[in-house]
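Shown here is one chain on its own, the form predicted alone, set out as structure tokens.
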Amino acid sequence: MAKKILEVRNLRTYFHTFKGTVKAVDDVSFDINEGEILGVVGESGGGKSVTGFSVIRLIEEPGKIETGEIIYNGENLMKKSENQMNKVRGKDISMIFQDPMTSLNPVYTIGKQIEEVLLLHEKDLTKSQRKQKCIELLKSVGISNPESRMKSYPHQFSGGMRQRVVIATALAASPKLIIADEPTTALDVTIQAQILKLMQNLVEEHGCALMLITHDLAVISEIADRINVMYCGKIIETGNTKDIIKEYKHPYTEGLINSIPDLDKDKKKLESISGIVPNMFDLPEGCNFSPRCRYCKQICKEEEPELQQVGQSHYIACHFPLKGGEK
């Protein structure tokens, strides 16, 4: 049985503003196992990225982690000081951010930036060993002539190559968990596929776990082992990828799947989920998805559904789960 590397329990991260309180992450619980790829999917404003940033405690004011436990390898990260967390970030848990250009310092060479991670977390390495490891890392992410490209600056790389450098930097200290926040959003479709395949291969080779955050269900359906579907700060459906894609039970998941282009079907226009994501300052009573749900009944407007088990590892928060894609 795979070992749990991360356990998140009843996580709540709120943003307190003059306008009111935004419950960006509201009572979220999930696990990630060693060597596993967990996909986190949902529309913008669903709480996906805030969940990822909360795991490594990179929440800035007015945001605050109100309650919850973040257990990494048996240790509660919520009880660690900021200095202790700095030793965890990069070494044990790494982050791949959405825009590689803002993740890289434009005035330092690529080699220098990867070497900084090694200087911080691999202090026993000599200068020549650090250089050799930088070369190996760049080679592992598919950058040709790594020895010469180490001397290049970020602006001398394409978007896809910059993202490969960011991935190499994230792997530098051999972390056990990588959190990737929309890592392919700024890239074209062909490069997206290459980056996703690269990340999948690296997980298999290094044995690390990957938490892949995206708004695109089609993206993670190809490589994720399990999927968390988030809406308005909550996990509303979770299960193995096969369960979510083939046996989905939540109307919101149904909407996400139906909005994926299907080249085998003759459609004049793509299906979409009606309505918009509710104002996070003024969420509806009952189920947050009820104003957009075509199956909504009175109880949905009055009572918030709790996660209930509908399969071996399949859970859903809905009063009236779909059966084989239909009510």
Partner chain sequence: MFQYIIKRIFQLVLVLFLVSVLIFAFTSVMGNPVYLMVREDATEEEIKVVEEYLGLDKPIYVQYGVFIRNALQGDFGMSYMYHQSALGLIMERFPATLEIVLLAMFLAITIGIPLGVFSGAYSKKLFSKIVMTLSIAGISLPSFWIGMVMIILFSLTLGVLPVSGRGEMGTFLGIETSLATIDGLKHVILPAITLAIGNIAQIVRLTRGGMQESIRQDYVKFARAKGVPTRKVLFGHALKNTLIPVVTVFGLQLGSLIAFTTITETIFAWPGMGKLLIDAINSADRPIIAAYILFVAVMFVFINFVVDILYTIIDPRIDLNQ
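All of these numbers come straight from a predicted model, not from anything done at the bench. Positions refer to the first chain, counted from 1.
Missing here is the form predicted in complex with the partner chain; even so, the following discussion is about that form.
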query: in the predicted bound form, which of the stretches 92 to 100, 126 to 134, 199 to 207, 141 to 149 has residues with heavy atoms within 4.5 Å of the partner chain?
result: 92 to 100
message: Taking the partner chain as it sits in the predicted bound form, is Leu120 near enough to touch it, meaning that at least one heavy atom pair lies within 4.5 angstroms?
response: yes
message: Quick check on Ile56: any heavy atom within 4.5 Å of the partner chain in the predicted bound form?
response: yes
message: How about Gln113 - does it come within 4.5 Å of the partner chain in the predicted bound form, if we only consider non-hydrogen atoms?
response: yes
query: Is there a heavy atom of Tyr153 no more than 4.5 Å from a heavy atom of the partner chain in the predicted bound form?
result: yes
- prompt: Though the partner chain is not shown, can you say which of Thr185, Asn105, Asn76, Ser81 has a heavy atom within 4.5 Å of it in the predicted bound form?
  reply: Asn105
